[in-house]
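One chain comes next, on its own, written out as structure tokens in the form predicted on its own.
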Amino acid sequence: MVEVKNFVQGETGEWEVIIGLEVHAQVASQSKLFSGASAKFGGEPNSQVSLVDAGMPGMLPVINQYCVEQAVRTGLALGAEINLVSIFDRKNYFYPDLPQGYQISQYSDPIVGRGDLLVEVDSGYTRKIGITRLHLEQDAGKSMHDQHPNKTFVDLNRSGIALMEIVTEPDLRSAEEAGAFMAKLRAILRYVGTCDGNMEEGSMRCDANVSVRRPGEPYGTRCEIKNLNSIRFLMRAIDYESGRQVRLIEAGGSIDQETRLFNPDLGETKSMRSKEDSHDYRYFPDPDLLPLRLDSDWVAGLRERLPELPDAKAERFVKHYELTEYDAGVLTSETERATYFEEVAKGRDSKQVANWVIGELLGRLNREGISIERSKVGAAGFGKLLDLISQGVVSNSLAKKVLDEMFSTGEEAAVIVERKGFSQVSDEKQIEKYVQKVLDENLEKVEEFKNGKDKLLGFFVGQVMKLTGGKANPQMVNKILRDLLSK
């Protein structure tokens, strides 16, 4: 790991940005943390609410063992300490979408303790980010301000849904590092199946604590930016907020500890309320829930059954498939990508597969904003396209056109090649006629080539491919061109 100094340049010198994240990840579970109500996304308002979720008098919470298991599996995947004894607390505050008047959470004794996450930053370095804890808590409901001109409605479908709050140390030093951390964390959660990571649906969101200081000085006053539901918004919010704090301090002002919201349309953070400290919530152990005690053998069994994680898979891809570290990292950044690649790579040139998946398929998916599992081009169909290239049926350039058709229609590659007449011309005599025609029409350039201007070979190849509509076998074109030009 390389020690990188990320400083922001202000009017009066350099500033260091200090960032800590609080990530709320919805536990992948059929039911809620303390009730049997459905945790499915997208139900009609208030259609998935039990008496416990609604805070009715006398209703007692009952812990969902599967949610506990999911939290422990996440902690193990993060290499963190698993606390065999943890306590649920009441976090007291009042808000319309919190029917109990408190949130059942964990504070001093969480289910998962300290851990570390290695993060690869696109700038070309790796950072170790400390994880303070992971605790289980129930989500609040949702206040709906856009249903009536002067009334606020409340939907309690989310009330009681199980969340894992993953809190980092203030180890992040730039928006880029924060974005890389979120991407890596989301990949791990998806690999182990403990959270689907769909930020647009609210099943994973993030609060960012941001402060600035002169290099080497104590931490400054932090502001918390709430409910960031995309990695891009997280990075934009951090960049704006750090710049705002630097400008304010340099102008002679001071930073108030407060909670702020990010407006993605304006690209700005706005003050929401003064920031509470832990004592403001009056935490105390929930009297309706006994301490949670885990069996060490049970935890060990969960550890043994963990799937192959992104770092281990990337290392295997480098060794087994002889990929570059970069390609292995891209392919293993999402479990669906890794599975797709391995299915296509069976019995094929793994480097060619990696180049086509990363350079062609992922490029198209990114432009359209589609995930690989939703692509119309399945692994089997993609592999058949690569087989057509290897068999000399289509050239690389024609294969890209075929992929465009597959991407939009879902048709098989062979069907598209037949329908479009994309079959590669590999008849030597036919190609020689095309090559001779190009040479006859460019006699001056032929002389230049023979006088040592070797780069003109690419020009001749391009003219032949243009003449044949990209159908000529490029290897044969090169060979025939060299033969004829050497005479």
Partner chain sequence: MDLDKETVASVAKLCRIEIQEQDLTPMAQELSNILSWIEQLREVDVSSCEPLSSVVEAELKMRDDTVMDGDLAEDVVGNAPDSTNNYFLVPKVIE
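Since the model is a prediction, treat every value here as computed from it, not as a measurement. Positions refer to the first chain, counted from 1.
A second form of this protein, the form predicted in complex with its partner chain, is not displayed here; the remarks below concern that form.
Work out which of the listed stretches, 312-320, 189-197, 166-174, 152-160, brings a heavy atom within 4.5 angstroms of its partner chain in the predicted bound form. Answer to the contact question: 152-160.
Check whether residue 26 has any heavy atom within 4.5 Å of a heavy atom of its partner chain in the predicted bound form, and answer yes or no. Output for residue 26 is no: heavy atoms all beyond 4.5 Å of its partner chain.
Tell me, yes or no, whether residue 65 is in contact with its partner chain in the predicted bound form, where a contact means a heavy atom of each within 4.5 Å. Residue 65: yes, in contact with its partner chain in the predicted bound form.
Please tell me whether any heavy atom belonging to residue 280 falls inside 4.5 Å of a heavy atom of its partner chain, as the geometry stands in the predicted bound form. Answer yes; at least one heavy atom of residue 280 falls within 4.5 Å of its partner chain in the predicted bound form.
Within 4.5 Å, heavy atoms only: does residue 54 come near its partner chain in the predicted bound form? Flag for residue 54 set to yes.
Scan 403, 289, 231, 140 and let me know which has any heavy atom within 4.5 Å of its partner chain in the predicted bound form. Residue within 4.5 Å of the partner: 289.
If you apply a 4.5 angstroms heavy atom cut-off, which residues in 30-54 are near its partner chain in the predicted bound form? The stretch 30-54, when checked against its partner chain in the predicted bound form, contributes 30, 31, 32, 33, 34, 35, 36, 37, 38, 45, 46, 47, 49, 50, 51, 54 at the 4.5 Å heavy-atom cut-off.
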